[in-house]
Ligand code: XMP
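As a starting point, one isolated chain is supplied in structure tokens, in the form predicted alone.
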């Protein structure tokens, strides 16, 4: 019988370091073979953690958000689209409407797409005007035609315009939008002042080749998973996450193989597993990244209910061999309570970490906000909890109430809870990354590869862990 350890069982041994400033530490990691992140932190694909608002915030911080799959295909696809349209160098397909549409229709479209302006086009996509919220501000007649209100004095650019020239045009003419048109007046794209400002405001943001924010989205392994995969990839998802509690199973590997065969250029992350053998088999099936963690999550009760799992540090030390052998990154999913745990997880061989509880209390999470004894909290639940299972079945059937017998058959492997409100994601991630940089400097490591080579763990006693925390103080 082997011993197994988790993060609070060990400390990293400080080593001689040539790092004079933690700013010199490169925190870059990976989620999959071909997707690198300036900040190796990923928000978990849970319905109280990540939807488009969280994914946008995470990508702007240099990390990544994974959209959960506990919604309809259309809803998940729309969340992906919102992230991909949040920022761009050039918007290839701007939102448009016809000159005969009404004020009511324009307002509805702006609200749905969460934009402040629309381009008005005629036959063959000929640009006719621009309509903004300013044009609609004092309009009481919802039936009035768009053509009566749109701005017709247009400042446009040519396809292929460089960003410096585009910025100068926007600045000189004091406009927010620069439509790109062919010589015949056909609309082919759009550059906005907002996107140009965001490029400067978030220089470390995770972006694709078109300057759009990176985002991942989840699928299952049965039912509509291939249709869901097709739609989220069409919407622009950069990573497909095959999301299953027990990833070392034949049907999971079959699903990974099928997805990689149908979409060979896609980046597929699979899991969860807790052993080297699980990683080896998923890598052989075609996984480009592997989630490691069975039972370490704050709301997970899998180890208690099933008796199965591996303490997270030992799981990472075992599974991370696959990165050296097959160049398949390992993602530490679960069990992380502070920045020190992130350093330990990466030192054990992970290429990135996935967070749920630490991000669930932020403003950007979709969890419900509640007040308790004058303190603000947000609801956080495991995706195998009773509430999550009931919600999932209700959505699948379109029914509010389930029979008592059906409810009784559910065996939860998670719980529902509240976590303290923590403010903006950017603030939380900044603190976590700061701790990671310090932790890497204590190990004398300027980057992740050096950390893997230099890190040395020391096993500690419960007294050693108690000593590590504030103690013997008057409160």
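Keep in mind the model is a prediction, meaning the values are calculated, not measured. Residue numbers count along the first chain shown, from 1.
There is another form of the same protein, the form predicted in complex with the ligand; it is not shown, and what comes next is about it.
Using a 4.5 angstroms limit between non-hydrogen atoms, residue 344 is distant from the ligand in the predicted complex. In the predicted complex, none of the heavy atoms of residue 59 sits within 4.5 Å of a heavy atom of the ligand. Taking non-hydrogen atoms only, residue 229 never approaches the ligand to within 4.5 angstroms in the predicted complex.
Contact check for residue 237: no non-hydrogen atom falls within 4.5 Å of the ligand in the predicted complex. Checked against the ligand in the predicted complex, the candidates 94, 382, 349, 247 yield a single residue with a heavy atom inside 4.5 Å, and that residue is 382.
Only one of 300, 187, 252, 118 lies close to the ligand in the predicted complex, with a heavy atom inside 4.5 Å, and it is 300. Shown alone, this chain has one stretch from 446-454, 39-47, 24-32, 430-438 that lies within 4.5 Å of the ligand in the predicted complex by heavy atoms: 39-47. Residues 354, 355, 356 are the members of 339-356 with a non-hydrogen atom no more than 4.5 angstroms from the ligand in the predicted complex.
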